[in-house]
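Next up is one chain by itself, shown in structure tokens, the form predicted alone.
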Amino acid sequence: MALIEVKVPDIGDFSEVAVIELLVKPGDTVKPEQSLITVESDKASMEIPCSHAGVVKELKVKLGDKISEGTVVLVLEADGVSAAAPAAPAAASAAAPAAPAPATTSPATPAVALGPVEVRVPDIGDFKDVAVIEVFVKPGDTVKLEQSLITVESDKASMEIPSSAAGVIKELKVKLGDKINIGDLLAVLEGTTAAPVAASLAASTTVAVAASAAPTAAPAATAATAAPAMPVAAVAVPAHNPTTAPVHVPHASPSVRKFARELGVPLEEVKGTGNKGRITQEDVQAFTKSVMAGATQTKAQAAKPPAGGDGAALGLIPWPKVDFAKFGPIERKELGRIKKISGANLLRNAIMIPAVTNHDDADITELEAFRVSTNKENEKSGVKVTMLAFLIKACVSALKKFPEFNSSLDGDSLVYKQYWHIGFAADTPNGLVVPVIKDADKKGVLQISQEMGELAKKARDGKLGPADMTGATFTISSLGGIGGRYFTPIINAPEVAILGVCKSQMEPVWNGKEFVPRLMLPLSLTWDHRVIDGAAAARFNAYLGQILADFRRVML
């Protein structure tokens, strides 16, 4: 193992730039060209990459330090260190005098162009198919020489592309999301004063390329001006001038921008707490937590209609606006986060699904007696069997016999699922959630009961994860512990049916000779009429009732 000092490479005309982010720490394993720190001047920010692979032994800089070319960033413990990399800067500087003289004599003198001028992507180093993430100008705008036109971003860095001429934009040739490369046409300018591309590039965009890489598509002047002095990959990003662009650009480094994109965070809505209002990774995390807690709304969320909806999209009359306070005292409370999320889904499902509900009663006299005896026998295990666990197993059996109830609509196709994941509605202090018992067909009643207890506890503690609440093929909503007789549950799309269960009660039932007391369980089956018809729904309920009356049918 050898110790290597990783130093700041040639970062262009920048000195004493401040360290604003540390991207690694001692003990981290780094790869060549992996970003180590982010630095910022009054004009640009850039990430400093690593020249070797290895393990960080010691970090030589800290937040707020001022660094320049040659400053030691860290000490790296690496294998097989090649002497070629350190020699590259010397070789490059030795080769520089051999460059053609015209490359150094003409850049300062602008060339007057009377007709339209094409502004193209300059040499941006070893980057291909980089995405346009910001557009600062539009047709009709007057731009100055070296004014930023667009921002592009690769997986390693972001940079602003400047204009190589001054004038009025006649035509913009790129849009958000486009992939561009060196030489691509960005815009057509009219009435311009143009400067050579090499001068524009050297003055506004500093791109560092790996020592072993040599530019092939750039003119000789560009190669002599920008490429030889750059031993490792880095990008100096010119700062956007807010006086020349009408678009607000969030002040954040490339790594923070990438982090925000992965989380889906709109950076323009995040308030930066870093130096000069810079947005840090902690700011993005805090914004995300605030949105998840319901304390903050993004502009996209705020633009959505309220949970009640005004009916305008459906051509309905406006929702009534009432000043309730004029009738008496009121108290206003915001809906909880779960109710806000579920409310929108319930509204969509109630409107979009042509739902019908069948009501039936199931005789569970013998099943309840069996459940009570089972709990007595398993009292020491700590697992309490509920009627809902038996219902889940019974529903799996019915779903296998009537597979359309275990399907989903996908356009004009019906997707029949060969797995049986049963969701069950759980009441929590924050609202209703639906945990899912996966592969219920492969589990016994005791195992289902234990898993239900664990999921219900996680629900009450607010610790259910997305995996705990997704993938259901059929849902059961039980009010058995509360009361009621029948109700009409709303289907949980993209499922096509849901079973509602209320509190069982003793009733006199005629057996052909006499009335006998039987424990009856009210069932309410809601189904999607696009997939299921009334006859199939009646058969499903009848079959489910038979299973609950004689649970041995589950084994058939």
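In this text, residue numbers run from 1 along the sequence as written. On a predicted model such as this, the values are computed, not experimentally measured, just so you know.
Not on display, but discussed next: the form predicted together with a small molecule.
**Q** Each of 427, 479 and 504 having a non-hydrogen atom within 4.5 Å of the small molecule in the model of the complex: is that the case here?
**A** Every residue of the candidate spot has a heavy atom within 4.5 Å of the small molecule in the model of the complex.
**Q** Using the partner position in the model of the complex, report whether residue 386 sits within 4.5 Å of the small molecule, counting heavy atoms only.
**A** Although the small molecule is absent here, residue 386 would touch it in the model of the complex, with heavy atoms inside 4.5 Å.
**Q** With a 4.5 Å heavy atom cut-off, would you call residue 456 a contact of the small molecule in the model of the complex?
**A** Close contact exists here: in the model of the complex, residue 456 approaches the small molecule to within 4.5 Å, heavy atoms only.
**Q** Within 4.5 Å, heavy atoms only: does residue 432 come near the small molecule in the model of the complex?
**A** Heavy-atom contact with the small molecule at 4.5 Å: present for residue 432.
**Q** Is residue 150 one of the residues lying within 4.5 Å of the small molecule in the model of the complex, judged by heavy atom distances?
**A** Contact with the small molecule, no.
**Q** Pick the stretch from 395-403, 168-176, 456-464, 132-140 whose residues have a heavy atom within 4.5 Å of the small molecule in the model of the complex.
**A** Careful reading of the contacts points to 456-464.
**Q** Which residue, 76, 452, 367, 279, is the contact with the small molecule in the model of the complex, using a 4.5 Å heavy atom cutoff?
**A** Spelling it out, the residue with a heavy atom inside the cut-off is 452.
**Q** Exactly one residue in 46, 67, 36, 521 has a non-hydrogen atom within 4.5 Å of the small molecule in the model of the complex; which is it?
**A** Exactly one listed residue reaches within 4.5 Å, namely 521.
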